[in-house]
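One chain comes next, on its own, written out as structure tokens in the form predicted on its own.
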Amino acid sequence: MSRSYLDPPLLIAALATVPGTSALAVIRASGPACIEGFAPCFSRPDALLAAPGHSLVHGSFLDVATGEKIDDVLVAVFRAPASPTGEDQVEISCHGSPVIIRRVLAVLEAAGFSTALPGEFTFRAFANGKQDLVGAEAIDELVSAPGDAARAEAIKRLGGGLSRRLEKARSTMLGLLAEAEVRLDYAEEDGSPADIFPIEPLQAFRDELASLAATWSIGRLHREGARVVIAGSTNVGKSSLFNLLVREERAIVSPEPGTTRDWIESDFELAGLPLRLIDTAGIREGPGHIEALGMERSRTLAEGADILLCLADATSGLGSGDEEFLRMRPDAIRLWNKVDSAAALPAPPGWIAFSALEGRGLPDLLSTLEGKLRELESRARGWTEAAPDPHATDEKGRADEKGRAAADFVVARPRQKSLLDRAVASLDEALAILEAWGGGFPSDSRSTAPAFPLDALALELRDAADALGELTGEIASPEVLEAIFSGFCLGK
């Protein structure tokens, strides 16, 4: 019978490092009385049982059934509640032989430890109040960060700053909701909602959440990377440039036209940002049916690229295919390739003199490419290119070179973006209700005006608060938790 994350906690164990041969491997184990359950497998059980939390014990890992020594190990001991999972926990550092790893896990299974579900250690940290859902997701984001920018953002979320901001926002919502519900219970109480629910602070609160939701664009850029497409005529050197940038022979290079008939891609990092580099089929006259399909894909990819690298052959000048791409994407980075050839023509204005064969012009290309990436990042953050305001600062008082306060936190998951959008939509409805009534109740209880729709206002405030609660995990269904943690790697 399969287990679920919400089953009563068992003793669990799993490999926490990458499978395969390595110098060292780490196997994690956690659960009620985990240290006592592990002690029979250790050559120094008394030392282990007496060890304080956050300490190391050296000894041997033993096969309980035979007494055979399997490996010399170093065991990190963590005691509840001051442990990563909030439970008793051990982490076994052993040699990274797959044979040793298999034996250790088999012995632990025989000793009563179940194989951990994906992300089950992090789930237990969430269930025991060590992390909220934003922090738990940040752990997974840190493990899978494709670039330094994504790593830095995940570290900030893991530190709890975003969670504290969201908790404060939800607390504000719940306070307003409580006031609305009191007014519903005691409708005869005098008072104006302009005093109880002032529009301007509520609008500012709504705008703060909307700004946070808008950071999803930069979070997605950091996680998924910018699509950088290489385009041009056939035999212009696109595959050579692709191999130069990814630093390996991924694409076949041949003087025969039409060698690349479909697109290939590879990931690499520049200035801390991930890129997906795509090499496309070249454009030429009179291709066969298969090549024609590849060229049509090239046009589609070029049109949808975040950044387009357009190559032209310096020995023959601009071809019709090059001009087609430039008409389609006038913002393309223009590379005048094969300048190493004696037959090369001078590079036109606005083109980078380049040699994919020798790497000439590569620093200029990388610098230009980095500038384009920073433009993408700035647009995603919503910064303007206005002159810097010397008085503009962020929340920590630091000067902002773009003239606006920079976003100090970024949301990185579609789930987070969706819930923030839901909270903003509910606050928009609440503001519309207040504005329709001029911000207040009828001041005269004998007025013939209809009663202020407090029940509708309370409903919108409740939905906004619930959306923020779902974001941090204060409100969470088993299905949502299963979907989130099942995507984690095993042993995390």
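Small disclaimer: the values here were computed from a predicted structure and weren't measured. Start at 1 with the first residue shown and count on from there.
Omitted here: the form predicted in complex with another copy of the chain. The next part is about that form.
Each of 68, 139 and 148 places at least one heavy atom within 4.5 Å of another copy of the chain in the model of the complex. Partner contact region in the model of the complex: 101-109, out of 311-319, 101-109, 199-207, 212-220, criterion any non-hydrogen atom within 4.5 Å of another copy of the chain.
Put simply, of 182, 344, 74, 328 only one has a heavy atom within 4.5 Å of another copy of the chain in the model of the complex, and it is 74. Mapping the unseen interface onto this chain, residue 366 falls outside it, with no heavy atom inside 4.5 Å of another copy of the chain in the model of the complex. Proximity of residue 143 to another copy of the chain in the model of the complex falls within the 4.5 Å heavy atom cutoff. Contact annotation: residue 16 falls within 4.5 Å of another copy of the chain in the model of the complex, judged by heavy atom distances. At a distance threshold of 4.5 angstroms between non-hydrogen atoms, residue 64 is out of contact with another copy of the chain in the model of the complex. Residues of 11-27 that come within 4.5 Å of another copy of the chain in the model of the complex, judged by any heavy atom, are 16, 17, 18, 19, 20, 21, 22, 23, 24, 26 in sequence order.
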